[in-house]
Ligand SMILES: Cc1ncc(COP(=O)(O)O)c(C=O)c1O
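Below, in structure tokens: the form predicted on its own, a single chain.
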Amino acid sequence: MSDYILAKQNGRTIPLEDKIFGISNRAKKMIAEKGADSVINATIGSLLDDEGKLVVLSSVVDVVKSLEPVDFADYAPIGGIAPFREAVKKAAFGSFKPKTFTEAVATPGGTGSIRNTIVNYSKPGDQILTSDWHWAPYNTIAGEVGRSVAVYEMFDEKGGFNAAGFAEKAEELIAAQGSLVIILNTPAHNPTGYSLTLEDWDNVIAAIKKAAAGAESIILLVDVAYIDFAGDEEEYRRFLPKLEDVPENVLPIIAYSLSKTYTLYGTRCGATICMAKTREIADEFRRVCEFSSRGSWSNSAKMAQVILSKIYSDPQLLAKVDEERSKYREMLIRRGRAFEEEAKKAGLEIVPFDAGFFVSIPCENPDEISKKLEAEGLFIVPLAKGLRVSVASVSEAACRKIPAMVKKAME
């Protein structure tokens, strides 16, 4: 490429700018020129209030204010401080107590968890399986380490989870490469807002058990970044026991993030959590994940680890955090329902949506429609198969306005 002077492309497709941040920057520029009332910036993957200000849980802020310098200035161990490793398992699992061998390793956000899983459980040249609607950085993460992403159609003709397509693609990849890393982003999938039902999970586990008979290994990475904004926190953890019903050569891994649940986006903290059938597999998991961490970011920032540890050491504080989050979760759910209602009125097709930060709209020419809407002051993200709207970053009133604008632009 002519854009490269000294850097080595190394077979990667490297854009001139990140698509989402590029669109968001254009939105900010228009806001500076025309005023906030003239622009709807529905690109941001953070929860904002109706005035466009970042939502930060005050109960978490109180913990931040109580920290001593050593809590944020000192190095943390590569795998995370011991109280964090226990607290993050409680945060991820809720009231569920796994019968498997669990280990947690700190990462810089859920992104670090995804990266370490791909590096350690796939080979260079392998394909990683996920749905056709997916978070675009999966491709970047895989490509950076010499892998690529293969997809199955996420929805069947009835608008439900395409279990048959998932099973077929998994078996195809295992036949070709012997082992497989699968990424399932649920509940409140990014970018569609869909959550796998318990029946969906039964079908996923059945497909994995069948495929495992001819596989060296299958890694089921469940990206639960939005789990605590999907609805009732225990209801949306009911799938977790199903992850125990797999053969020994299948390793379920949870990619957990503190970014959304504790509004700690900028601290870049998360964890990779395994649910292994044997102590040997769990010990190996911890060893290889810490090794990869050392060879990339070394150790994760300590501050958020201390924050979570303090929250889970104080039942009253934990209850306060959960209660405060629930109010914002309800706000987010109202926005999503408002968008659904107005889409139906406008005759705008949307991808099946349950909850979460995003709603997606299928469309054949997303880049063209996105540019057309930018001229109208509406900024949304074009994807491979359609358009992504962040209901997390705009008011309920805006959520009621956007569907008609998109429908008109598509006509």
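Position 1 is the first residue in the sequence shown; the rest follow in order. All values derive from a computational prediction rather than experimental measurement.
Separately, the form predicted in complex with the ligand exists; it is not shown, and the next lines address it.
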Report whether the minimum heavy atom distance between Val88 and the ligand in the predicted complex is within 4.5 Å.
-> no
Check whether Gly79 has any heavy atom within 4.5 Å of a heavy atom of the ligand in the predicted complex, and answer yes or no.
-> no
Lys260 near the ligand in the predicted complex, any heavy atom under 4.5 Å?
-> yes
Would Asn185 sit within 4.5 Å of the ligand in the predicted complex, counting heavy atoms only?
-> yes
In the predicted complex, which of 324 to 332, 295 to 303, 172 to 180, 111 to 119 comes within 4.5 Å of the ligand (heavy atoms)?
-> 111 to 119
The ligand: the contacting residue among Cys289, Ile307, Ala225, Ala106 in the predicted complex [heavy atom, 4.5 Å] | Ala225
Looking at Tyr138, Phe229, Tyr152, Tyr236, which is the one with a non-hydrogen atom within 4.5 Å of the ligand in the predicted complex?
-> Tyr138
Of the residues spanning 264 to 286, the ones with some heavy atom within 4.5 Å of the ligand in the predicted complex are Arg268
